[in-house]
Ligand SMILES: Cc1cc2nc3c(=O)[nH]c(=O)nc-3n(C[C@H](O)[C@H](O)[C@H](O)COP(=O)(O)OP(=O)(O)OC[C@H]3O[C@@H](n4cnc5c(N)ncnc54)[C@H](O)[C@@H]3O)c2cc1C
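Read the single chain below, which is given as structure tokens and is the form predicted alone.
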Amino acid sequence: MNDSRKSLGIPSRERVLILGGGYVGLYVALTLRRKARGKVDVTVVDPRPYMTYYPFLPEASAGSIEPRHAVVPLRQELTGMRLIQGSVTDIDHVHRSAGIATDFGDDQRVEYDQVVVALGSIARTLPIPGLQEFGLGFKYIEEAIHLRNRVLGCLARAASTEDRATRQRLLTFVFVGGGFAGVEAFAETEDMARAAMRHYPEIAPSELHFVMVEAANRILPEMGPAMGRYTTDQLRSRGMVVHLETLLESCVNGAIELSNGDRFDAATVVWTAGVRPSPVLRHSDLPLGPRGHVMCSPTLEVTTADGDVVPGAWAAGDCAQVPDLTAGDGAYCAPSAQHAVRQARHLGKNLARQLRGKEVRPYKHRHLGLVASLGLHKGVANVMGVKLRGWPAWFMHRTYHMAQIPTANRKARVILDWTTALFFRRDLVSMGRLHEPRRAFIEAAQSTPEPPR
């Protein structure tokens, strides 16, 4: 295509295909629009029409933020670019093309000159009996909304039954995984459930059971042993159960079996035990590392096992194995939002520099710190070596993520949500039937009498 444009005397524009519309995909596209305007034709592919800001999922689930405000609509922000709502099926970099499957069953191939692999990650599950059929994920906004409706729905049903075993099952919530996602979801959801209890006088506060299962010997390992112990103590002081060095062995139909011998029933199991690179990468000819990540150089260019750059291929974020130049030889960047956003901006700048014939630069970033929310006005933080707990850490958490969420539109909407929460209690309405939108209509149709003959 570029050759035909040149033959007609039309300036050549590089075809850049961005696979994935998450942190990396959005920020690379926005950076290219600023740094390479007029030099590129950008196409973004993602099955969802929005980018999810993952750190706000717990607050969206707990009702502190309107769920729509935790996502950024791609078409609204990426004006002037082509967007394809579909899933990547394969990458044939030798022939510079990628296969796309849309929701309508339409398969197509998209050709490119430069590809940015930003496919991210999916939940890393294990072959645990019952997990696939009974477990809930917590990686996308629809899962956060479903968890919120699930918890509030369980409270309503428990208040309406006098069967003790059924009540105990409905009021038991199990979270597997003690990383950032798991701890924040665990703490925020419990905080919401406790706040909702004032509307359910039929339920005693002691009947509410929140259980965390973590295979390691501490939670929040990225924050160090001291902050992990503090967080565990804080959660336990709220009556929450934290099982360390424990595995979930089975959850068939909610019958929970733990490796420490505990057996009980639960109506909700939330899986947050890690992530793995997108399985689509296995259907590509790009070099992969031992854990299935795309291998990259510090400049975010894809490389072979020998370190040779693969021309026209770039990658960043959770699906990429990027050397961490601040941690010495053999270290790689952790799969975090902080790295993903900065890598994306750096990748966009490097790609623009390459198109201008300039030298690309290596990515090097030392973590400024880590923050985690443990519910309203509660949190932990380790910022530039300074450890914060309680309200100061919670405030730091909100301040940091307010600065990081993209677009002024979303920043303003989230600030409005938080400001409103200062004067009004959080929204505790369950809309569980959102997941069955045709149920009432079907019931009405089934109850319609037969017409007289």
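Predicted model only: the values in this text are computed from it and were never measured. Just count from 1 along the sequence shown to find any residue number.
The same protein also exists as the form predicted in complex with this ligand; that form is not shown, yet it is the one meant from here on.
*Asks:* Does Pro323 reach this ligand in the predicted bound form if we count a contact as any heavy atom within 4.5 Å?
*Replies:* No, Pro323 stays farther than 4.5 Å from this ligand in the predicted bound form.
*Asks:* Classify Gly120 as contacting or not contacting this ligand in the predicted bound form by the rule of any non-hydrogen atom within 4.5 angstroms, answering yes or no.
*Replies:* Judged by the heavy-atom cut-off of 4.5 Å, Gly120 is in contact with this ligand in the predicted bound form.
*Asks:* Examine Ala316 and determine whether its closest non-hydrogen atom to this ligand in the predicted bound form is within 4.5 angstroms.
*Replies:* Residue-level check for Ala316: yes, a contact with this ligand.
*Asks:* Taking any heavy atom pair closer than or equal to 4.5 Å as contact, tell me whether Gln168 reaches this ligand in the predicted bound form.
*Replies:* No - in the predicted bound form, heavy atoms of Gln168 and this ligand never come within 4.5 Å of each other.
*Asks:* By the heavy atom within 4.5 Å rule, which residue out of Tyr112, Phe180, Tyr363, Phe210 makes contact with this ligand in the predicted bound form?
*Replies:* Going through each option in turn, the one that passes is Phe180.
*Asks:* Going by heavy atom distances of 4.5 angstroms or less, which of Gly312, Pro287, Gly254, Gly86 would be at the interface with this ligand in the predicted bound form?
*Replies:* Residue within 4.5 Å of the partner: Gly86.
*Asks:* With the partner removed from view, which of 242 to 250, 135 to 143, 324 to 332, 288 to 296 is the stretch that lies within 4.5 Å of this ligand in the predicted bound form, judged by heavy atom distances?
*Replies:* Heavy-atom contact with the partner occurs in 135 to 143.
*Asks:* Within 4.5 Å of this ligand in the predicted bound form, do we find a heavy atom from each of Gly22, Asp46 and Val280?
*Replies:* Yes, because Gly22, Asp46 and Val280 each have a heavy atom that approaches this ligand to within 4.5 Å in the predicted bound form.
*Asks:* Using the arrangement in the predicted bound form, list in sequence order the residues of 322 to 357 with any heavy atom within 4.5 angstroms of this ligand.
*Replies:* The stretch touches the partner through Pro335, Ser336, Ala337, Gln338, Ala340.
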